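Here are two versions of the same chain, shown separately as structure tokens and labelled structure 1 and structure 2.
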Structure 1
């Protein structure tokens, strides 16, 4: 296992370099540059040109790329054009909020979806299966931003049960369990908005995988031996049905992180997604490139985690 992890990490190096090249090229194709937001009628253009030269924006593109890449490898993601703050520091400040939101949405999706998928498979063509299928289709077809707005309208505006936006109550001075409960109140709506779509996808994958496994010969043999149905379903069938679901985990992480950009903006959640949206409007290209690289690293680590989980789900899989 250790040799496999080292080999996978080494294979990720050229992929990360390619990601930095694509990210930098996309930023260069964007109209204007970061200095465009600082130009005003009463501003001296010589000062703007001097600032552009100071940031190296007047250099050839390949020079800018290798300069940025060398700084990135040394742990420096550059500085925000308008505030002058280190980009890495700005991103690190937002990581905990984004990880909390995405991890909660991912846990919510899998914890709820897997049992519902099993029930849908066991109750195939029954009323429960039809209702769960309808719920899954609605969840898959509803965009996350629309689900977020709908949740705010129903639970925050109409029912006044949950806050509309934010991270925690300001000025309350809550500590201990009260502070945790307060943060959960603010987390609930964005978590539901971000995780519902993925819950529906995982549920359909679970149902399909369970139906395929339940028709296998060894399941019929286990039932013929008189083994309790609960043991047959959850010990024999579900464990083998989890392999496609674990594969889906590696595909879900990029979608969750990408969806957090919109959800964090709707709910004013202070994470990397909201930082990225603000950087887009401000043309803060150093922040956007730093976010792209960091999100790419998180996605690669998520795929690696999914591969490692195969060995725990199916002991027959060995890495060497």
Structure 2
């Protein structure tokens, strides 16, 4: 097991290098550098050029890359071009909001989807199955921005049940339970908007995984041996069906974070997604590179964790 862990960690090293390379290379595609958004008829070009030199934007590309990489290794992601703030700090102060949103959407998706998927599989070709399937397909085929807009319009503006945007009641000075309840109210809509699509996917996945397992020989054997259906389903089938779902996490995580770019914009949620979208249009390369690296590393760690968990729970995996 320990060997396995070490090997997996070693395997991540080329990935990390790849991540920095891709993050950096993408930024070279663009015409114009971040200073170009700052050019207005009222600024001295001299000052703009000075800033450009200060940021090293006048250096050859590979020099810029190694400079950036060595800074990165020492924990410095550089400074935002326009505001001059440390990129790492800008990202870090937004991580909690994004983490809260994606984690709750993820939890919501899995907690609701797995039981529904199991029901759908057990009641295959029943009305419940058809309804759930229909719901799942609807979820998969609705663009998430559209779902978000509809949620705001219906639940916040028309029904006045929940706030439209933000992440807590600013300036109300709520504390304790009231503060938590307040934050939950703000969390609900963006969580639904972000989580629904994944809910649908996880549900479909659970269903087919469950059906797969139910058709396996050992389940048939168990049934043939007259073991109680409930025990067959929950003790034998469900456990094995859930295993592959863990691997789905690796695919869901980057998709969820990608989705948060849209959802955070709609709900004025102060997370990394909005920072990223703003940074794109402002050509804030240091921020974009920092975000890409950080998010990719988070996903990498998530995958690593999933793999280790998988190895841990699945006795069939050999660590050698």
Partner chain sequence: MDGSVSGGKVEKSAIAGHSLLQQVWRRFRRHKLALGGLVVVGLFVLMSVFAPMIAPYNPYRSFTRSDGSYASWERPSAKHWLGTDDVGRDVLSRLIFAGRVSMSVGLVAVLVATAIGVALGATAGFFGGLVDNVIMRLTDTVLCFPVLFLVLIVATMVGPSIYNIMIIIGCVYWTRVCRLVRAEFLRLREMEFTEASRALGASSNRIIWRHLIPNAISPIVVFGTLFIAEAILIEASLSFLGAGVQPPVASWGNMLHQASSFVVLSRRPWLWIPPGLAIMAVVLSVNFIGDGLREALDPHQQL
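Numbering follows the first chain given and starts at 1. Throughout, rigid core stands for the largest set of C-alpha atoms superposing within 1.5 Å between the two forms. Computed from a predicted structure; not experimentally measured.
- Structure identified as the form predicted in complex with its partner chain: Note: form predicted in complex with its partner chain is structure 2; the other is not.
- Item | CA of residue 230, rigid core aligned, shift of 2 Å or more between the two structures | Residue 230 C-alpha, core-superposed: shift of 2 Å or more.
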